[in-house]
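Next comes just one chain, in structure tokens: the form predicted on its own.
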């Protein structure tokens, strides 16, 4: 009897934590998005959000950033994890160095890349030294939205690839070496062993890493504010604007629910695309 109830007892603290710190705040946010100050149900806050001139721009910018960052980041992390996993000496030192950005906050990462791209930054100094430019260039000015977008993509790749790397290195460590050795015995090339043995068995880790990274990509905020200010609106920056600058918590809550809905939709899509049959799990 005790052994049957033990798993549920162990899950109880996590369940209570979720109820207190997720479900209750979520209910409050949903209530705020769908009701007026007098308690009447309405969809007017969603209509106000959707009709605002910044909404479509913020939504497109958020999706484009996720599309530009996540696939490249996943490919880079797989390559780095393969290198780390194949090392016989110095593996831990290399892994520690590559995961240093994990200890840096979003805002600090944005400020580091701001020091590179701003008018008095390293990039302008470097180009001036080479004689490429005579005067400092305003790379992050309003007229250079493409460069702002590129700077944010670079900062996000630099900052968050290590999150994916750690998950994939742990996943590769769980794959029994006998599978790759057996494939090698039967004449499989290195590329074939990677694509037909490692990648399929890495699916659970890929699924976890991609879900985590996509959700974080939809919540990007501090890096965008540091590098782009209000020149490149994204959904999270609009939540901040409506909550603290326009003082309209109802529309801010509507934005928050849209971000949550997009995150859930992409999570379900990734879980379906990278689903692993029960019999194939390590």
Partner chain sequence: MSQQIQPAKVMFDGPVHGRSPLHKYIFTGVVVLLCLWVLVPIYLLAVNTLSSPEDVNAFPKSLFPDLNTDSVSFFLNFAGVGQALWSSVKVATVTMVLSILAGAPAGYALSRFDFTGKSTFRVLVLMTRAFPLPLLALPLAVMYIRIGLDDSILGLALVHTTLALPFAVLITYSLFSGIPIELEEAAWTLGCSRLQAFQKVIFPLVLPGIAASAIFAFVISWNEVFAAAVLTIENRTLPAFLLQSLSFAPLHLKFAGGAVLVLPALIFIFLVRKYLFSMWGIANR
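Numbering follows the first chain given and starts at 1. For clarity, every value in this text was computed on a predicted model and none was experimentally measured.
Not on display, but discussed next: the form predicted in complex with its partner chain.
Proximity to its partner chain in the model of the complex, defined as a heavy atom within 4.5 Å, singles out one entry of 147, 108, 188, 74, which is 108. Contact check for residue 142: every heavy atom lies farther than 4.5 Å from its partner chain in the model of the complex. Proximity of residue 102 to its partner chain in the model of the complex: non-hydrogen atoms within 4.5 Å are present.
Using a 4.5 Å cutoff between non-hydrogen atoms, residue 60 does not count as a contact of its partner chain in the model of the complex. Its partner chain in the model of the complex is not approached by residue 231, whose heavy atoms all lie more than 4.5 angstroms from it. Heavy atoms closer than or equal to 4.5 Å to its partner chain in the model of the complex belong, across 22-43, to the residues 22, 23, 24, 25, 26, 28, 29, 32, ordered by sequence position.
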